[in-house]
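Just the one chain here, laid out as structure tokens, in the form predicted alone.
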């Protein structure tokens, strides 16, 4: 049985928007969370904008810090140093980020990041006090071959790091074939995979029952209630729908 925990409603803005767009969206999200009050009181909100915009958004949030948290979409696998173009976990923590997404399928399959570098990034994030949202999930081909659970289990090996616990780790199950396609996984798909992930986490972490497992992959207002009320689904990592403040907050309302 799920423990009583706030669902994490996280928006991954990806590589979208000007600074003005980001600021306007941030303000709109905050306003809608406040206006909906009790209807979203069981949720914690997180936005992960492009790195360039994080500092500006944190300025908007400094007088309303309890409404929404800010996270990064990725971090370097290295400490500060001669790594042109990279941004370290220490730098994100220093400016006020609380979370970082690591291992998103677009990083794995477009950028070409493997499990080894993802584990290094998780270590650096934890060392610098960031909470990690570790993304796991299989491709359509891997699912068709019947190896979805094997793939996800291998990706979860990144949690075997000293210091990892339910306070600094969140798992996001994102079937690659559902991301940005409009084709969300079925209730049965999600229920089975989230139960599998919960069982694997119990083998790895002493406090695994307290760890949140998010679902991501074409989460929208019209399927949110169905997806977010499945056992072991403790929130959502939302892509396209998080770029519209009303849709983003309405998903949270559906979760309740």
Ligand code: PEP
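Residue numbers count along the first chain shown, from 1. As the structure is a computational prediction, the values presented were derived from the model and not from experiment.
Another form exists, predicted in complex with ligand PEP; not displayed. Remarks below refer to it.
Remark: of stretches 209 to 217, 60 to 68, 185 to 193, 37 to 45, the one touching ligand PEP in the predicted bound form is 209 to 217 (heavy atom within 4.5 Å). Heavy atoms of residue 104 reach within 4.5 Å of ligand PEP in the predicted bound form, making it an interface residue. The shortest heavy atom separation between residue 238 and ligand PEP in the predicted bound form is within 4.5 Å. In the predicted bound form, ligand PEP lies within 4.5 Å of some heavy atom of residue 178. Using a 4.5 angstroms limit between non-hydrogen atoms, residue 138 is distant from ligand PEP in the predicted bound form.
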